[in-house]
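Look below for two forms of one protein chain, each set out as structure tokens: first structure 1, then structure 2.
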Structure 1
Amino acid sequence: MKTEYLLMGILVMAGMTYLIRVTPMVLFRKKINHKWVKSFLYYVPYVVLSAMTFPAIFSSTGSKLSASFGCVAAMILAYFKRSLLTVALGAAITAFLVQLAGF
């Protein structure tokens, strides 16, 4: 991966994130109370992460089968509200074991 591309990308990400945070702080004083806008913003993180995870997760390891097992493991761990690190590692270890078994 090219260093210039990465630096440019990081600059874009950091710049955009900062712009969002700084604009209201220095420009606006009025509070937004629009229900639809607030609801829209509430759903955004879940929608983004869902769309990014499925179906991409199934091609994230050496095989579809190991990825499927990892995915199910993650869903079970997440259902029982394990920490992010536990769920991430649980998915990876499960996928690893399935690959180790030769699938």
Structure 2
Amino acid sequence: MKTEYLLMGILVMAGMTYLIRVTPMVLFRKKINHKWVKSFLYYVPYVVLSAMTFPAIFSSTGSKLSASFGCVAAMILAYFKRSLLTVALGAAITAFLVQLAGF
């Protein structure tokens, strides 16, 4: 890989990151009081995290079925407010057992 190409890529990524962070501050100078907009902005981090996580879940195992079982196990454990470590281990163990069973 050429050094110029690498430096240009870093520069473009830095510029885009800067624009993403500065644009809201430029557009919204006053405090946001609109109920719908505040509600929308409240859920943005959760949606972005889900959009990044779910494709990784279903491509992490050799089987979509074992990944689905692991995902459901994680959702159930999270619903009952278990710790992050418990949720992760429960999902991994469930996916492992489903694959071990031959699915």
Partner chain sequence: MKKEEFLQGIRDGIPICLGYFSVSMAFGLTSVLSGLPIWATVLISLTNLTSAGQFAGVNLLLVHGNMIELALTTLIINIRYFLMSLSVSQKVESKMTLKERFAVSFGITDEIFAVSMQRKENLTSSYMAGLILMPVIGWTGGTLTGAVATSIMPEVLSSAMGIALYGMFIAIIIPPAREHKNVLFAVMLAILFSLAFAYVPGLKKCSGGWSIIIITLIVSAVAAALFPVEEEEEK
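Throughout, rigid core stands for the largest set of C-alpha atoms superposing within 1.5 Å between the two forms. The first residue in the sequence of structure 1 is number 1, and each one after it adds one. In this text, all values refer to a predicted model and were calculated from it rather than measured experimentally.
Visitor: Do you reckon the form predicted in complex with its partner chain is 1 or 2?
Guide: That would be structure 1.
Visitor: Rigid core fitted, then: does residue 81 show a CA shift of 2 angstroms or greater between structures 1 and 2?
Guide: No, its C-alpha moves less than 2 Å.
Visitor: Honestly, after the rigid core fit, is residue 11 moving at least 2 Å at Cα between structures 1 and 2?
Guide: Yes; residue 11 is a residue whose C-alpha shifts (by 2 Å or more) between structures 1 and 2 when the cores are overlaid.
Visitor: Does residue 22 shift between structures 1 and 2 by 2 angstroms or more at the C-alpha, the core having been superposed?
Guide: Comparing forms between structures 1 and 2, the residue 22 CA shifts at least 2 Å.
Visitor: How much does the C-alpha of residue 42 move between structures 1 and 2, in Å, given a rigid core overlay?
Guide: That residue's C-alpha is offset by 4.8 Å.
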